Structure formats: structure tokens, C-alpha cells
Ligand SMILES: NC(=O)c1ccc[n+]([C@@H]2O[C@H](COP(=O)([O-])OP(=O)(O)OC[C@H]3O[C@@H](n4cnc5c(N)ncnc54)[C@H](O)[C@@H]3O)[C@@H](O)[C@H]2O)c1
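Just one chain follows, in the form predicted on its own, and it is written as C-alpha cells.
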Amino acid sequence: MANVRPSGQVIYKNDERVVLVTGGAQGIGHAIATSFVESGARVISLDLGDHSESTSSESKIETLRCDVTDTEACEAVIKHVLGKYQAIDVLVNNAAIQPVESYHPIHQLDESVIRRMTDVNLLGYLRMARLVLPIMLQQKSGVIVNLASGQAHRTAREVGVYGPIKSANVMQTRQWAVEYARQGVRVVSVSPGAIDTPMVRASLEAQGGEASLANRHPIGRIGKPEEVASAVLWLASDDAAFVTGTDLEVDGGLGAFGAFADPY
């Protein structure tokens, strides 16, 4: 049976939160979904495909097919989740693409690639936030976590679309945080360095292997999805109740080192 907080927000036994994770089928998104399940949350993973990674927590993750570029599909998912759980406590905007064909100077990029990346990586975050925010405002509580990137803060050659969009994700975080802070909604972002995910593996194959990328991080390796998930879990928790509008770099010291790209 559900209980109700004084604010009107519906909660469940053991204070289980209702968490939406976009792009939850693999990589960082899957690690985030799994970590929330293990913390006791009710997790809904949204993705274009089925889960390709298996964990002991898998059966506790509700997986729904959803394209974040399709407004009607996003609306249908939110309606389903709200009807089933009567609340949405956390939204993790994680779904993003960085296709191999995007690794070119912008004058060599097909406009279809630019539009697709913008629709997923920037407008996808906006679509989901616009649908979830009215629910959180009615609850007078909620957390939105936007996955940005180290490339939001420092650039490299041939990422002229991905980097600026990720920088915009950080500014989305700040703007929404200021807009909704006094209405009980926190908004934060995480900027990972290079993390061992299928998307990064694909880019490594296109750019010549892992060793040089690992060496750019002072820690001497690329990160693990679970390390990003731990940061997201903390930011979404009550332990971070005084944290909003903040971007946390989970990057093995890359930001302190100050160089994402190899020297010319």
C-alpha cells in the first residue's frame, strides 16, 4: 500500500522512489538503473532496444521502449508510469548518441547527423523534463539529473557538435535549478570523463585504441559505468539536499589536468 507525505507526494513501503532513466539499456544508463534498484527504488528504464546487459537486479527494472525524440512516445510513457506508481521522484536524462560519423570538422558533417544528435542529446532532455516537471511541482519534490560530459568543459578536435550540446546540458541544469529550486525540485548534472561503454568503445576503434585516452586521465585509466552511477545516486539522494545547479565532474582528474585533446 502507498503512503502519502504531507506534501501530497505518494511514496511506497521503505520510502521507495520512482526513478526514470533514459538510455537505460546499456553502459552508464544501465549502471544507473541497476544502482537505483539496489538502493530500493522502483526503476523504469527507457530505451530504443532491449537490455543487452544482465545483472541480478535485472528483473526489478521495468523496461519500456521509448524514443526520446518522439514527443507522443514520451507522453505515453509518462502517463503509464504515473498511472502505475502515482509519482515520479527522479528523472535521469542519460540517453545520448555520439555516432562515429560525427567525428569530423563541422563543415564535413551531414546535416542529418547534426539534427539527430541535437534531437537526442539536447531536445530529448528538454522533452522529458517538460513532461516530468509538472508532476514534481505538484509533489513539491523531485530531482532531475542530466548526464553531460567532460567535453562540456574542454574540447577536442572533431567533436564540434557533441561538445557544444553537452555544454548546453550543463546550462540546462543551471537554468532549471534556478527556475524550480523554491518549488522543491533540484536539478544537477554529471560530467563523466571517458567511461568504458559501448559508445566509447566504438569511438576508440575509430580513433586508434584505449591507451592514449587512458593516459589523458591523471588516474591513468578510463572510468567504469558504476563509478558514474554512484555519483548520480548520491546527487539524487537526500544526502545531497542542499545541492542544486551543480555539475559534478566524474573524470579521473581530467578537468584538473586541463587537456582533453592531444597537443597539436
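All of these numbers come straight from a predicted model, not from anything done at the bench. Residue positions are given as counts along the sequence shown, with the first one as 1.
We do not show the form predicted in complex with this ligand, though everything after this point is about it.
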Is this ligand close enough to 95, 125 and 162 in the model of the complex that each of the three has a heavy atom within 4.5 Å of it? yes
If the cut-off is 4.5 angstroms on heavy atoms, which of these, 62, 38, 226, 67, is the one near this ligand in the model of the complex? 67
Looking at 90, 87, 187, 148 here, can you tell me which has any non-hydrogen atom within 4.5 angstroms of this ligand in the model of the complex? 148
When this ligand is placed as it is in the model of the complex, which of 104 to 112, 68 to 76, 179 to 187, 131 to 139 ends up with heavy atoms within 4.5 Å of it? 68 to 76
Evaluate residue 237 for contact with this ligand in the model of the complex, applying a 4.5 angstroms cut-off between non-hydrogen atoms, and reply yes or no. no
Quick check on residue 248: any heavy atom within 4.5 Å of this ligand in the model of the complex? no
Check residue 174 for me: does it contact this ligand in the model of the complex (non-hydrogen atoms, 4.5 angstroms)? no
Considering non-hydrogen atoms and a 4.5 Å limit, does this ligand approach residue 120 in the model of the complex? yes
With the partner left out here, which residues of 230 to 254 have a non-hydrogen atom within 4.5 Å of this ligand in the model of the complex? none
